[in-house]
Structure formats: structure tokens, C-alpha cells
Ligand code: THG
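Below you will find one chain, with nothing else, as C-alpha cells; this is the form predicted on its own, and questions on how it binds or moves follow later.
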Amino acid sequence: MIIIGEKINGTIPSVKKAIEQKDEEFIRDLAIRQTEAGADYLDVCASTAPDVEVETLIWLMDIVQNAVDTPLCIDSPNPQVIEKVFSYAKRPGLINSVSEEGGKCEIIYPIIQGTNWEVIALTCDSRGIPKDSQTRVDITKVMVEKASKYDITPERIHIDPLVMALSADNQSLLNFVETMRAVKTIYPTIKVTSGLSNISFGMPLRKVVNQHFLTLALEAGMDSAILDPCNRDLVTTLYITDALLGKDRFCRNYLNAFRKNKIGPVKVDA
């Protein structure tokens, strides 16, 4: 599975403090630890006031890119911000995100046309997040059709069906899976992703809820997720599930991760 490291995000109190204090070492350490834990992309999200978001995002991007070679996932709800910082990326990565809200596709798609960049597409529009899976599928069709006009093929798109908090919607996982399977039937090469921890908002034992959601979503066909790659319990769940589903030939990835002490309880030297 494709792991998008979530830890460099200004909504996290410790990262917000590091941004305010311009603590480069703190951000650099997050980039290195997530990369060493196996992240395929590193999400960078400023979550600051609009008037300083561009300069903050560029600052974050520079630190991360000087520390590691892991591709960036440039994250902002404002497509104009992504447009302004895009040229500061040293290698193709992932854009987070587009949707059918506010003409975002019309801004983001042109800047990644003719590149190897991929994009996360949220299944929402100006009316908000649909409660039913069919509307989410319909929104997906519109976004994929728009992408084709810019030569962006489905395999470059990570559809996010926007899993809702289980505490607010008891059908959340079921709607997510139904949307995913319907989308993959129409577009077999498309990727499906999620913000993994959204499912557990407002619930006790959030980490346990996230682990079980990950297992069920992987079995249903989820390809990528925004998660904490340094969470050993979560990553252990990921490797075990892939092995159990026959996606890990001879359990090589699982065994290598175990030997490198990336999964399971923390080993303490005697």
C-alpha cells in the first residue's frame, strides 16, 4: 500500500509550534523519521493564516526536500496556494487535493498536465459531502472526465471517498467500501485513498478503531492512505493484512520489516 506520511501538518499542535518558532530541526526530524518508517510521500500542510500560507508552505517544502528524497504531497484547501508553491517541488509528487468545489479541478489539472504528478480527488462539491455512495461515484465521474481533457489518466488519480466519523455515521465504513468498489468497477486503474484517522473521530480507543478500519479497507481494495508511518501498531497491521490477503509474496515485506525492527513491539537491547 502507498503510505502518505501525515505528521508535517500545522493542525498538529507540536508542528504548529515548530512553524511559529521556525524550528527547522523539528520539521527535518519528522521528515527523516517518516521516510525511514517507509512513507512513500510526505504530506506538507501549513494550516496557517491565509496571508502567510504560501511562504510557510515553501519553508516546509525546502526543509523536507533538503532532508530526504521522498516525494512531497503538497496539501492545501486553497488551489491558488498550490499553484504558487508548485514550482518549488524538486520532483513529481502528489497534490492534495481537488474536488468539485470552487473550480479546483480547473486550477490544479492544468499545472500537472504533461507531468508525472498525481492528485488526490475528494468526492464532494459545493453542496458538501454526500451522504450516499452514488452521489460520490457521480462526482468521481465528473472529476475523471475533466482530468482526461488534460491528459491525466485514472491511474494518476487517488479518489478519496471521504470516510465520515463512525460516531456520526454508523454506515461510514460501508458507504466508503461501496463507493470504492463502484469507482473501481468503472475505472479499474484508479487509486482509492483515505485520511485514515477520520473514521475514529469522537470515539474511544481511536488507534484501535483506525487499525481495524485499515484492515477492512485494505481487504476491500484501498490503495493508499494518509497515516502516521511511525505508529508501529498501525504499520504492523498494514504488513500483516497485506500478507494475509496474499499481496506479499512469501511474506517478504513482512519479514523484512520485522528484521529491520519496523513492526511489532519496540525491541530493547539487553
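Keep in mind the model is a prediction, meaning the values are calculated, not measured. The first residue of the shown sequence is 1; numbering continues from there.
Although it is not shown, the form predicted together with (6S)-5,6,7,8-tetrahydrofolate is what the next lines describe.
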Spot the stretch among 51 to 59, 212 to 220, 197 to 205, 240 to 248 with residues whose non-hydrogen atoms come within 4.5 Å of (6S)-5,6,7,8-tetrahydrofolate in the model of the complex.
197 to 205
Using heavy atoms and a 4.5 Å limit, would one call residue 31 a contact residue for (6S)-5,6,7,8-tetrahydrofolate in the model of the complex?
no
Contact label in the model of the complex: residue 226 to (6S)-5,6,7,8-tetrahydrofolate, heavy atom within 4.5 Å:
yes
is_contact(residue 152, (6S)-5,6,7,8-tetrahydrofolate) in the model of the complex, heavy atom dist at most 4.5 Å:
no
Verify the contact flag for residue 255: yes if a non-hydrogen atom of it lies within 4.5 Å of a non-hydrogen atom of (6S)-5,6,7,8-tetrahydrofolate in the model of the complex, no if not.
no
Which residue, 82, 180, 105, 120, has a heavy atom that falls within 4.5 Å of (6S)-5,6,7,8-tetrahydrofolate in the model of the complex?
120
Residues in 73 to 98 close to (6S)-5,6,7,8-tetrahydrofolate in the model of the complex, defined by a heavy atom within 4.5 Å, in order
75, 96
